[in-house]
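Let's start with one chain on its own, the form predicted alone, as structure tokens.
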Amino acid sequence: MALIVQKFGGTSVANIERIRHVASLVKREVDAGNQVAVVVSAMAGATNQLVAWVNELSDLTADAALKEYDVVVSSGEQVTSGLLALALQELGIPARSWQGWQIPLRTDGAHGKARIEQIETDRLKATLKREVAIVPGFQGIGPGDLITTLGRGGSDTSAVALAAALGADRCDIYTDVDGVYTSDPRVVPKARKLKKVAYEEMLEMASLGAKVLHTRSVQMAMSHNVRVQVLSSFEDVEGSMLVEEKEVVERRLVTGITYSNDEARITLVAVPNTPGVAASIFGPLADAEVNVDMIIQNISEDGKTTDMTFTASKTDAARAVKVLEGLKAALKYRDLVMDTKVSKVSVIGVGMRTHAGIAQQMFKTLADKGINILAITTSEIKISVLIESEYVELAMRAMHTAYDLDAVEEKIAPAAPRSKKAS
């Protein structure tokens, strides 16, 4: 008997018909002899409606308002968990819904963006021997027994954290895509599904634009060595498994290519080139919680001034500009320029650790297509470049071919009934 955690996203439980279908997927695991815990999101669109109602009544500037925000927006998952429990009962499967405070799933007190600190699983484990447990994602209980929510990607994070706490054999994340691909199939038609992806590769892919899993859930899976399978709620095919690097038998030089259009390039022109200038720019930005990515410094020929360029998300860009405009007298820059018509394209793969020439291939491919590189950043297993947004599709397709990803043929067999032994 295996212990499986299944997580179903908002599109998977968008209406009663889909909730019945989810119940059939849960039943399949139960019929295979497995113990099952299920984590659910709110029905598609429900959380947005709840947030909109809250915003009509409050600007959420007070701590008390944030506490009530969590009470309201966490209710979407509560509805889904109860409905799925009912659907399973109609199929003859013993099931009950749990709330975060009943488990309890304990978090810190950062309302709207809480982090999980501990999951007490004794009661849950005892009930799993006789019934399916339906747990709402995205919510927990903080200091003072107040309801908290986990913020973006909260349900994925809830599922992986629960799998880690229960010692589950596998955590299956059901979504509207059928796995992890070498690139976005909507942009690169020749993109191929991967059978196995190393945690580190998925972490980079998630942080650099891939929307399959949220970064926090991947970090948790890697930290606790939770086997995570990404698969579709709507197609009966095997998905992609997140595993340790040593389990990826076929060592690819590049595993995937991602992109992000949520980029803004900001340049301070002719800043006096004095010691501490970078700290005087990026310190206040950090204090304003502006997350800076790429940084380029171009010193003038006489060495007296420098142009300081950096990238940030479009959502942070306006705040960054406001901070820097307030510092103009202190920084003494000549001009501030912002460009939002830029995108970040990245190549990712653990094979970069042991092979040279990956960056050169990227730069040559872009040059051959007449695409100018505006900025570059690297890590041990990824290279990212900033380019003009109009060239994103051309760049993605060209690099997918250049790294031989078009030829990837990872055979994905139709899903057989789940065995009693977790894969």
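Predicted model, so just to flag it, every value in this text is computed and none were measured. Residue numbers run from 1 along the displayed sequence.
Absent from the display: the form predicted in complex with another copy of the chain. The rest refers to it.
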property	result
Distance check, residue 102 to another copy of the chain in the model of the complex, heavy atom within 4.5 Å	yes
Exercise: residue 59 in contact with another copy of the chain in the model of the complex, heavy atom 4.5 Å	yes
Close approach of residue 87 to another copy of the chain in the model of the complex, 4.5 Å, heavy atom	yes
Residue 65: touches another copy of the chain in the model of the complex, heavy atom cutoff 4.5 angstroms	yes
Stretch in contact in the model of the complex with another copy of the chain, which is absent here, among 33 to 41, 368 to 376, 46 to 54, 393 to 401 (heavy atoms within 4.5 Å)	46 to 54
Answer option from 146, 294, 327, 110, heavy atom within 4.5 Å of another copy of the chain in the model of the complex	146
Another copy of the chain: the contacting residue among 255, 217, 81, 311 in the model of the complex [heavy atom, 4.5 Å]	81
